[in-house]
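Single chain ahead, by itself, as structure tokens, in the form predicted on its own.
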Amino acid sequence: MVVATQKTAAESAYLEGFDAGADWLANERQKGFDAFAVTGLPHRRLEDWKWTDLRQLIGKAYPPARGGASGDVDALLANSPLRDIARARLVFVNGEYDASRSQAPASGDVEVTALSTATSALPIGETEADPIDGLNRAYVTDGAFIRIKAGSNVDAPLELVFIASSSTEATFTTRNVIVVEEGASATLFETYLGGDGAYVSNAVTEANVAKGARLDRVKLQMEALAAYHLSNLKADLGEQAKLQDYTLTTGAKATRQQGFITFNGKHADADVSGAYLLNEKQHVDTRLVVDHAVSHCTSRELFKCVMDDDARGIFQGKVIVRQDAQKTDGKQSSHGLLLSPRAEFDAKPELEIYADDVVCGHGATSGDLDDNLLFYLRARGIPESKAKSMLIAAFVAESFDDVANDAVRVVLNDLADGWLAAR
């Protein structure tokens, strides 16, 4: 028996606002719309979404939109913490490429194209049975296509800045396609900034890291505190490829961020880490799926999550080891620091192993500040508030260790210090 599900206001706005357009993305939009029309917004009856029911969280209509910037975009852009480190920048305002505020890479080893200005189809991956991906494909308006040419070492970081400046309640949808060709390496920053409005930001990044290539990616999620942030990272790693991925989350009312990492070549390596700094009633849910499809690969996942007031943090990590993926080394850990008796941290680590010659493990902890450490610092004349800040900063800083760029680590520490000072 088929049970009809009543559409929410948000779902109705998405279904009624669809327009495939006439550009090369029209076919992709149609595929995404067809997928989303079947799934709709996910709800708690789905195992992977039991802690983040988007049908309940997104209770009103946020119709798909693009452009129409309002507010002080330049002031928001000036707030990008990585602005002084990046040597090139692509700016997207309300889902639309802003050429006047962007600066193209100086190196000829980097090919950069906005999806909206591409004259031919670019390599977007196949549609997956994921609501965020389907919604993103259906309403994608713009994004970046970046190709790092084979054998090139691009030292200068490239920043993608996504700004939501409109006061209109709408959904802004962007998609990035990153191709790091054989033997190449690059550093990519993704920064998400927002004004004071309520909106939905839907962002997907696809990364194809070829044989012997390396991609260092740092994402800062600093959306408006009334916003919703939905994002996917989909990374395919070739033989001897290296992915270093870090995400710091401080913004948005509710966040659902997902990572799908697939090893397609032997001797590849992926380090995926991040941190939450949350207060009031913020809600952040991270789901990672690391698929060891071939042998002799290594993966590491580390998330340090700080929750204050009524904030809620969630980490769902799944490592899949296929039958032929012998000599796999996969480990994941998540740690929640609860600064309020009302704060909550939920962890769901999973190992799905079909091979027998592997080294895999997972761990999860949660709790408040260690009274013994706090006493140690106070016994040395440090005021209680300062001692607590030192312990919180040290807890979060462990997640910064794997970030390769020294200047980026300084920025991350400054952001953590600023959040603590604001408490």
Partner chain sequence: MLEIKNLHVQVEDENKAILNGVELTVNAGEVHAIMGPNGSGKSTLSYVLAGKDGYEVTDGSITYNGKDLLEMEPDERAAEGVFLAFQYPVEIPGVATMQFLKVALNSQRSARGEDELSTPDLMRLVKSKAASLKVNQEMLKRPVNVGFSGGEKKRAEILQMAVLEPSLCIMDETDSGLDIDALRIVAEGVNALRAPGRAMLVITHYQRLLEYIVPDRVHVLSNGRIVKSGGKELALELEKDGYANYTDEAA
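What you are looking at is a predicted structure, and each value in this text was computed from that prediction instead of being measured. Numbering follows the first chain given and starts at 1.
If you look for the form predicted in complex with its partner chain, you will not find it shown, but the lines that follow are about it.
Between its partner chain and the residues 390, 37, 57, 46, the one pair within 4.5 Å by heavy atoms in the predicted bound form involves 390. Listed residues 368, 53, 384, 357 were compared with its partner chain in the predicted bound form; 384 is the one with a heavy atom within 4.5 Å. Comment: 372-380 is the region of 372-380, 358-366, 59-67, 22-30 lying near its partner chain in the predicted bound form, near meaning a non-hydrogen atom within 4.5 Å. For the partner-free chain shown, nothing in 7-23 comes within 4.5 angstroms of its partner chain in the predicted bound form, judged by any non-hydrogen atom.
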